[in-house]
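As a starting point, one isolated chain is supplied in structure tokens, in the form predicted alone.
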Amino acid sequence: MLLLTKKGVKCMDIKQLDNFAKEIIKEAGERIRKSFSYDLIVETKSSANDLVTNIDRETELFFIKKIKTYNATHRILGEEGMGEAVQSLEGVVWIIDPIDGTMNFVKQHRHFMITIGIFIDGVGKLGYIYDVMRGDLFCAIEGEGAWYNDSPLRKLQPVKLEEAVIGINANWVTPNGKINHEKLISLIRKVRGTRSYGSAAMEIAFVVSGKLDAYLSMRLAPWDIGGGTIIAKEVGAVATNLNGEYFDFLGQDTFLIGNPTVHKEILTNYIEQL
């Protein structure tokens, strides 16, 4: 069945699109697991810590081929730049990170995710975070809820900040040019604990499932969070930039996601950008 959006963009039935997305995500995961049997080609991008491999690129190309076969009008905004130069979110846009946590992928062969968000006329409709090595899928359909594999994810319940566990990179509690690290030190002293997993998608998955109560970063791209923010909305998590504004899915931005009570307190009392 075809649906007609308010701007006249035709797309397949959302459930059919959801089933297709899950199918190719799991197929891509199997391809990545098999890639460990041969040598990786590892390169750097913006810095020595910003890695890309032949498998990142091959996986993104795999998604593009599958999606274009499914519907040639769908556009792809991918981390490795293999899709179109997307300038707007009109129509159907897939925002894809084929391997989120490439350093973990290279060094540990675990703790990395495939993450995809499908937007229709700028609205996030379908979100996915797939733990490749564990075979665990976090997913959501706008307005219909979120799931961890076949189990519904519950709405997040209020948490006191002093009982919260948050995700934060240690770089942001040392002197830097982006944020007042002294305030973040006081935040770390306030909360129950901190974690850093090396994959934004993994940390978002932990927030939406209640394993973390917040996660913040000074710079993320649309493909890091496109799928996760759709899942977040369905469980009642709040996702914004560090000004409390809607994230710009066409550029890089700061990012804070959390349980509503924790998100509000962090944003109000502990964030001071430089």
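Bear in mind that the values here come from a model prediction, so they are computed numbers and not experimental data. Just count from 1 along the sequence shown to find any residue number.
The form predicted in complex with a small molecule is left out here; the points below concern that form.
Against the small molecule in the predicted bound form, the set Ile118, Ile230 and Asp248 makes no contact: no member has a heavy atom within 4.5 Å. Residues placing heavy atoms within 4.5 Å of the small molecule in the predicted bound form fall in a single listed stretch, namely 94-102, out of 182-190, 125-133, 94-102, 147-155.
At a distance threshold of 4.5 angstroms between non-hydrogen atoms, Ala200 is in contact with the small molecule in the predicted bound form. For the chain shown alone, Lys211 is not a contact residue for the small molecule in the predicted bound form, no non-hydrogen atom being within 4.5 angstroms. The shortest heavy atom separation between Ala28 and the small molecule in the predicted bound form exceeds 4.5 Å. Using a 4.5 angstroms limit between non-hydrogen atoms, Lys34 is distant from the small molecule in the predicted bound form. Comment: the small molecule is not present in this chain, but in the predicted bound form one of Ile55, Leu220, Ile64, Val235 has a heavy atom within 4.5 Å of it, namely Leu220.
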